[in-house]
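For reference, the chain that follows is the form predicted on its own, supplied as structure tokens.
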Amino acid sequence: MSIFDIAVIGAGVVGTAIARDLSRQDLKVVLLEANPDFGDESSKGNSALMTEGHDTPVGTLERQLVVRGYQRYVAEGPGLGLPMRKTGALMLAWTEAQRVIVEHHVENANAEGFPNVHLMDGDEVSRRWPQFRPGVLCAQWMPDELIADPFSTPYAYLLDAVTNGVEYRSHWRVSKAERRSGGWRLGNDRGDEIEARLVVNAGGLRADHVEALAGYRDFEMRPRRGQYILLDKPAQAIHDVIAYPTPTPTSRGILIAPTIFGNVLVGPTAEEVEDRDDRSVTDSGLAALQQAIDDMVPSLRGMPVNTIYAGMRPATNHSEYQIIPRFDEDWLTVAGIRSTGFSGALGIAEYVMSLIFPQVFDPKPKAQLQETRVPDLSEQSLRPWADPGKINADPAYAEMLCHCERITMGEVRDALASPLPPQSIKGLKRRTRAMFGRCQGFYCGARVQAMFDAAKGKPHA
């Protein structure tokens, strides 16, 4: 049986960030993921906005960790190869009542330490962004808000963690947790077992299930579905800034924002659902998204739709993050991270380190770390098909596979041969963007599947 110092459960963006920070210490760490691929639950369906945190509740742990997560992402993301683009964000007001709310938000943001957030009058908004519905009275301008890559981020964290010593096991759904003297024995349904001195439960949407295995019931999962419309790339010529409506007492509203891949995203809705796997897209959800387009950027109406989908946020019956240290029982809960997990992941990881060291383990930093980078898949990057140097070195980068997203045979080949090869076609899509384009794999899907099957040693149908 394998014995570890720390077992982290859940390879979403939070779990992989924690694993990466743990890899800096001289400890034996394992990251367990139930699904074939990392980031395959909540992390794959977020808005991919990196917020500096002024829109989180003041005085909460959530704000503290989102603010720190944003700072770390801006500082560390480029070294990992992660793209980001500072588009800025607007919260718009069309009525006098909305103007009062927007002015209040600006005053609060400035008072709470966000000096760059300021009020912009309607004339300037209309001059700079004429796509908005006429009649804008004012807006809160947040110039430091970013768009980023939601799929490559957990990949970068995990690749860094594994390269620096963390053991990663996928297809490892924890179904048993037995308290032992000085730690836990974890098991799965195949009969595999490991032991760990400390367990970190970052199980996301399933965190309550993992908690129940250990006998903890401090919160209830209240999964929240968010539906999205993704518009085709020509839409970004019309709209290229993050735009929010004025929030109401019950909702932040539906945003319209560019993506790092060149599309425009409309969403999310916010619907509490009982089934945490219910990612269905509904007529009422689509109607709400279309109404948001009409209300804010009517010129986007009629733009071709790339796809529609729904993500799921791991909310609980508490509004605050549920980070619960139980070190006398060798257990640490990291749950209820909700929709701000993408921005807050590195802040959460740093906070978890502050809890673990030196309370549970003495910090013993590794003398040397290996650097890693993931491919930059953003629209503004120099992609292999346009890079003469790469093509001259390897003709596979000139052979186009996915024409919609301009993905070459060489990129798919590289992903399949990486230290963390995708375990599913969906994982391969998120790793390369092949099949994510306008045709959704209609033209390239068979070739992508054949390459995947060949890499896995499967006969291709």
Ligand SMILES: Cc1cc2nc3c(=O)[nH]c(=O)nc-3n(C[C@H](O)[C@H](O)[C@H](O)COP(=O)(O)OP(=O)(O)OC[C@H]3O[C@@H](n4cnc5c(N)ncnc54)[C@H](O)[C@@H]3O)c2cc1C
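Residue indices: 1-based, along the sequence shown. Keep in mind that what you see is a predicted model, and the values were worked out from it rather than measured.
Unshown form predicted in complex with the ligand; subsequent notes refer to it.
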Would you mind fitting the ligand into the shown chain by superposing the local C-alphas on its pose in the predicted bound form and telling me if the pocket reads open or blocked at 2.4 Å from backbone or C-beta atoms, 3 atoms or more being blocked?
blocked
The ligand is absent from this chain, but in the predicted bound form, do 153, 165 and 369 each have a non-hydrogen atom within 4.5 Å of it?
no
Within 4.5 Å, heavy atoms only, one stretch in 289-297, 170-178, 133-141, 105-113 touches the ligand in the predicted bound form. Which?
170-178
Check residue 333 for me: does it contact the ligand in the predicted bound form (non-hydrogen atoms, 4.5 angstroms)?
no
Considering only heavy atoms, tell me if residue 405 and the ligand come within 4.5 Å of each other in the predicted bound form.
no
Is residue 337 close enough to the ligand in the predicted bound form to count, meaning some heavy atom within 4.5 Å?
yes
Contact label in the predicted bound form: residue 42 to the ligand, heavy atom within 4.5 Å:
yes
The ligand in the predicted bound form - contacting residues of 84-121, heavy atom within 4.5 Å:
none
